[in-house]
Ligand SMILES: Nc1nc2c(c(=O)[nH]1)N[C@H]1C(S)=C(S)[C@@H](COP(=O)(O)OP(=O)(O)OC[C@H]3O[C@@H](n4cnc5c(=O)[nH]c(N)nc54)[C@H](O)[C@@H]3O)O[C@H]1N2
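Take a look at this one chain, the form predicted on its own, written out in structure tokens.
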Amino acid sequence: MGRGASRTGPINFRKPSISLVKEVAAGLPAVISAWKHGIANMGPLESAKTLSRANQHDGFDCPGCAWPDPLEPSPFEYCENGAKAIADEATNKIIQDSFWKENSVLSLSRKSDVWLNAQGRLSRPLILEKNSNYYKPIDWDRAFGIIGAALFNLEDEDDAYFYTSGRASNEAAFLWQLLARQHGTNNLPDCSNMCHESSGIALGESIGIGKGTVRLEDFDHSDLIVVVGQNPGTNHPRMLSALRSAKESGSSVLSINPIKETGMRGFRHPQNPMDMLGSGVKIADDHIDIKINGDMALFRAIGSVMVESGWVDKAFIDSNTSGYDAYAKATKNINWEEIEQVTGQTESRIRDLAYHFSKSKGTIICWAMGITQHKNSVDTIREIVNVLLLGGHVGRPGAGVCPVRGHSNVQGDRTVGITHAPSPRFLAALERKYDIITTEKHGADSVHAVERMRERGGIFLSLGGNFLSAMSDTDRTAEALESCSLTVQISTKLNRSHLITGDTAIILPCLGRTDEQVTSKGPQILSVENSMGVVHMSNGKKKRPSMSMRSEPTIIAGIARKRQDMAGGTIQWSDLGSDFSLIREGIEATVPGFEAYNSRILQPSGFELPNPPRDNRTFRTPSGRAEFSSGEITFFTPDDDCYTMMTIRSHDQFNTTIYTDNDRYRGISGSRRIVLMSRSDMEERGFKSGHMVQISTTGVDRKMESGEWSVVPYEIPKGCVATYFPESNHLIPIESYGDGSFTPTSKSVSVSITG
């Protein structure tokens, strides 16, 4: 605290180099890029060996996205970005003790995120003591003792915050929430709060389960696949293989996004010689260049035309849904002039879209953070579900909702208990199994954790991730962390969250997905859940780079044991931290759907969790039916003479991990401080390509501005701009979040641009 560390790192003043937007994703350039990254980090032999185990039945789950594996994975079941994430984690480079003597926290904070990540794996426990500017080694037992004592000595149990990254396994996540609940809090903020929380809330209200309802094989049985608010080519590249296969089976693909991303233009399958040598396969049959946050209005308008024209499955609606009459009445009240203004699409265009929806025998709608990070995200997703319900596209082959998670086990973490709002049933099961007393009081999500820590301080513990860079409003988030008496990071690599700390900071180096998980009881396996509800094994084989590293469950158990020694309790933490099968027994005893967990996880493709809407059209809502939503259409409007800004990722990054300053698909290189703007907006402002500007957030009662951004002309709707995450996170106010979900509005912020 008060160490003067930079919260965002150095500002890159270089102007970007601009080239043509790529028309085709993947192909030979992707193969070359992936292998270059792999060889640079692991060497040629280790690269080949490690990548050959990715997403295999007896291998490890890629630490990248949560896209499901096929029943028979190919020998090369990974994409370019997945290969980079694997190589980045499995790097042979480790940080030596001398590094910490030579580099103060202040000096490290002035390095770029690319530089920090490139230093290699964290190799031993470290402590940054109060009033010091240098981390130094600490032994495991003392580190556990400091953390355990700090938790025990808190006057208010709710002053502890247990953050979780989606990289954590089911076993680690279950122990993490068990530690929090034995401590006496439901403060379990996690990365879901920043991305798909809106999906979970909306789907729970609409169909009674906060997950998607499709299997991978449904793509090949669909007539229409709608990809809305999503960039598969960069964030979920293996999805392109599924879209290509679906098209071969006769499905059509519709893209709805402010930007027509390269992955939706064309795809060269790296394992198909004809694709590699040819021009690739066109993915999107049509593209809708929707204005930012015009999606709710678009889907309400599509539904309006379908109701008006009688293009609905009345038998399904009558037998399986509730609220249709109110919805049908609401569809008659739309204002087409307003719809055209909000969406940027003509009435004729929307009517044509509705006709195509009506002709589909099986429709799948996929979405990601382009939909979930708005103030009206929950209502928007419910509107998407409305359109699917009109056609009976739930619980039938080739149809359903498909929220696509961007982190490899973020869905599994939630399934096994990482939530600030646990159900009474789950808490009761924990109490029976572990003889603990829990609290039903809802805990803090990510937004409220920041606000509460800023006010009260406390202890912040992070199971993976980079909370500072991932969270909105970087300055407020930094103030929250700096207000804490202790911050603890369980991590594989160095990141900016290690440099903005509480009075005391501890770093605990953990094993990653690619590493062999060995404890005092011998080799262990981990498990994860993919985006489509399949739980499967993850079994790393790489020898740990340093014997000082430990598995995440072992680390969690070590902290919990020290706390329990002082506070009392009967949980056998040492056994749980060394024998992961005991953790799975605990999950089986407390979470429905995990029967015979230890045996079923050994099946080649794992096992599927129950999904009532998909399995038998059962909807666990209060009415027992799928619920139509009929609220008012809402949309985001920027302040006068301002723009609606959304954050995006470059092709050469994974979440907050940035590999280079290049964005190959968009034709941008050499800088990440760029503003994508339409040519017409640039002409109105007198901006040329590369023009340096300042961005300021409007509509807030404090100064939020950032300089030295380069304007880049791009195909994006007029009045809309895009900037890179996480560089522009400090322009997203912490008090701006989704209704009902509290997800930061990273895709709709009003900004002025001057320069």
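Treat the numbers as computed from the prediction; the structure is a model and nothing was measured. The first residue of the sequence shown is number 1, and the count goes up from there.
Same protein, other form: the form predicted together with this ligand, not shown, and the subject of what follows.
(request) Indicate whether His420 is a 4.5 Å heavy atom neighbour of this ligand in the predicted bound form. (result) So His420 does not count as contacting this ligand.
(request) Indicate whether Ser746 is a 4.5 Å heavy atom neighbour of this ligand in the predicted bound form. (result) So Ser746 counts as contacting this ligand.
(message) Taking any heavy atom pair closer than or equal to 4.5 Å as contact, tell me whether Gln373 reaches this ligand in the predicted bound form.
(response) Because a heavy atom of Gln373 falls inside 4.5 Å of this ligand in the predicted bound form, the answer is yes.
(message) Test of understanding: in the predicted bound form, would Gly362 fall inside 4.5 Å of this ligand by heavy atoms?
(response) It does not: once this ligand is placed as it appears in the predicted bound form, Gly362 has no heavy atom within 4.5 Å of it.
(message) I have Asn257, Gly512 and Gln653 flagged as a candidate spot, so tell me whether each of them has a non-hydrogen atom within 4.5 Å of this ligand in the predicted bound form.
(response) Yes, because Asn257, Gly512 and Gln653 each have a heavy atom that approaches this ligand to within 4.5 Å in the predicted bound form.
(request) Choose one stretch from 534-542, 400-408, 95-103, 140-148: the one whose residues place a heavy atom within 4.5 angstroms of this ligand in the predicted bound form. (result) Looking at the partner contacts, the answer comes out as 400-408.
(request) Identify, from the list Lys111, Lys493, Arg600, Arg265, the residue with a heavy atom within 4.5 Å of this ligand in the predicted bound form. (result) Of the listed residues, the single hit is Lys493.
(request) Could you spot which one of Val385, Ile302, Ala626, Ile290 gets a heavy atom to within 4.5 Å of this ligand in the predicted bound form? (result) Comparing distances to this ligand in the predicted bound form, the residue within 4.5 Å is Ile290.
(message) Using a 4.5 Å cut-off on any heavy atom, which residues of 221-237 would contact this ligand in the predicted bound form?
(response) Result: Val228, Gly229, Gln230, Asn231, Thr234, Asn235, His236.
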